[in-house]
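What follows is one chain in structure tokens, specifically the form predicted alone.
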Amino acid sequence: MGYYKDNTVLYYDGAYLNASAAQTNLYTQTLHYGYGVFEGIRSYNTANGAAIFKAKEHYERLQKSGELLGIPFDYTVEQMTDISYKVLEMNNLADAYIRPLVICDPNMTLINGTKSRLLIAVWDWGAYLGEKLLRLKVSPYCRPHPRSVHMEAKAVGHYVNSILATSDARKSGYDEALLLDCEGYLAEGPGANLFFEKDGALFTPELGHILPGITRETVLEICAQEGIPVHVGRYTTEDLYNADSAFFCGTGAEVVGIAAVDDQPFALPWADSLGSRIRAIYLQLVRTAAVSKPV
């Protein structure tokens, strides 16, 4: 798909630029070593116009990711939120995907540098994994060991693992992959967190080996409000195979149901599942509870 047009505007390093004219140095640590951090954020068209859902939480996570990786970064949450609304306005977008990316300066050493540059781009992007129920393959790739990287950071280089897993699943005829952690327990999708249902309760892998997703946290909030029991822990593929239903959630994917894992379907129809109920609440929430544009 095309992510920009001739008149698309983005923010880069202090200026609003035409996307086709924006340039960066070919010797950045981000390009050569995957040393950078980013976010995926959504804006929704509401009765009050474009509203970014959980901008504060996303930009706080971006700051935290930079801190964990030792990337110098001095934008405030308020500055980044204001820039995001400005870029949306300049591109006449309300329903949009927002991609902030922190790019490190040229540096061919393996020591963190002293400066970074912020990119914020927006584009029109539907649900990342589509609307239909997904067929998953348990991936031969596992999530990195938490002592090898900061799994709680949304780092550029971490997504090589995701590309390998998704590409393998697609080549095998599946819609998406499901990764285990390095000890063989359920972890997450390449770009989304996992929940599964059993006997009227939800189960989700614990933090440590997975990205602490902001949509995952929103699902937990919805469950608390709706009185849906949730168990957080370490679960096996057998636990998932024997579940009643399952779903992925993420900013890009939103909430999307899973039809089968390794060709084993779930017994409960999606329309009768807790995931379907949560999806309906979530899609209403993002258009009513999002923080509107600052005045």
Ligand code: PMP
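For every residue, the number given is its place in the sequence shown, counted from 1. Keep in mind that what you see is a predicted model, and the values were worked out from it rather than measured.
The discussion below concerns the form predicted together with the named molecule, not included here.
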Task: in the predicted bound form, residue 192 touching the named molecule (heavy atom, 4.5 Å) - done: yes
Open item on the list: Whether residue 214 contacts the named molecule in the predicted bound form should be assessed with a 4.5 Å heavy atom distance threshold; does it?
Closed with: yes
Open item on the list: If we define contact as a non-hydrogen atom of the residue within 4.5 angstroms of the partner, is residue 125 a contact of the named molecule in the predicted bound form?
Closed with: no
TODO: Would you check, heavy atoms only and a 4.5 Å threshold, whether residue 250 touches the named molecule in the predicted bound form?
DONE: yes
Open item on the list: Within 4.5 angstroms, counting heavy atoms, which one of the listed stretches 231-239, 54-62, 23-31, 264-272 is next to the named molecule in the predicted bound form?
Closed with: 54-62
